[in-house]
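Consider the single chain below, provided in structure tokens and representing the form predicted on its own.
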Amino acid sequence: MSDAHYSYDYLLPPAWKQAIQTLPLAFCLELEEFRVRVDLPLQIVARGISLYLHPSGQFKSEIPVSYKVSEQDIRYVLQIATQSSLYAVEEELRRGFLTVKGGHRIGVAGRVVLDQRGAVENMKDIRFLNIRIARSVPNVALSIKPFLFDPVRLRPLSTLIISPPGCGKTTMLRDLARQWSNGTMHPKIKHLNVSLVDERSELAGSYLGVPQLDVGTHTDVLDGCPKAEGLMMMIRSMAPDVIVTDEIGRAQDRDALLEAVHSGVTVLATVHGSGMSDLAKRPVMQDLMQQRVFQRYLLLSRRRGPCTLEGIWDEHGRNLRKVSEEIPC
């Protein structure tokens, strides 16, 4: 279990670790998450397939009746994830997740403690975890490279990736950042300075400030900072050619993105949605579309697995490539 494919195994109680060893390597390579719920079966998910841990020590598709996650199991994972100090990660717990060594992210739920203003102060009695396995997928954006480049100005086009949750948009965004940063996106463009604003520590998977996932050799990462504020900080301080952020949607995000493009910076971002018509119904996204902030829109789905490319649109809403192509991710 020391192989890089199992970089998450240090988080697991011994019985879970042994059970993972019984699974085919191909399944483990695609493992997406561990769903951990007290007094309920341990669930693992890969490519939309759920398996459950049985008393036999094996994962099966049937939900077991008797084998359940214990409070001790939850405490074990949290002890390892926090290095035995929940107090030290209170700020992260307030946001509902922890980012750990390897770039993996642990979503947490339980009893919320509010302060006098009604804001979340802390989380106690944590009884639910979602261990999301982080991994880079190099070259996932290869097939769409010709659509994301301005051949006249010799620069990347601002791009918005649209999809429902779990369809690979963060994976795609990470690879675009890496390729522009490394200078592998187009032969006429050398490496570019990329600024990555990673509010939820998911794009770079930073641990103690160091990216655990490959986001490129010329990429600067601002971790755990709200997007709108972070975008402006990076524009002012890091002089980026390209700025990257995940899951936009608030009015503050819109204002910061407008400032970025008016400063001559290319923007790469993602948004939750099911299509172009869905975006047009939201005031914030409608403003961005009307002001031509993005020159390209990519729509992803899981219809044929993560990163199924359903179409590419330009800033005028013209569909440049109506496809259904599975990009291995």
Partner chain sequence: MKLFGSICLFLACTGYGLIRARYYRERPRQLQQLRLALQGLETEIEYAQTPLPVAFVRIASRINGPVAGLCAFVGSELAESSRAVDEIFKTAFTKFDQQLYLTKEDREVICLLAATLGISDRKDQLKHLKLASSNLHQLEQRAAEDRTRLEKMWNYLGPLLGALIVVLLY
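Note that the coordinates shown come from a computational prediction; the quantities given were computed from them, not determined experimentally. Numbering follows the first chain given and starts at 1.
The same protein also exists as the form predicted in complex with the partner chain; that form is not shown, yet it is the one meant from here on.
Note on the interface: of 253-261, 154-162, 133-141, 88-96, the segment with non-hydrogen atoms within 4.5 angstroms of the partner chain in the model of the complex is 88-96. Between the options 184, 122, 237, 217, the residue in contact with the partner chain in the model of the complex by a heavy atom within 4.5 angstroms is 122. Residue contact check for residue 72: none of its heavy atoms lie within 4.5 Å of the partner chain in the model of the complex. Put simply, residue 116 is far from the partner chain in the model of the complex: not one heavy atom of it is within 4.5 Å. Among residues of the shown chain, residue 76 is one whose heavy atoms approach the partner chain to within 4.5 Å in the model of the complex. Using a 4.5 angstroms threshold between heavy atoms, residue 189 stays clear of the partner chain in the model of the complex.
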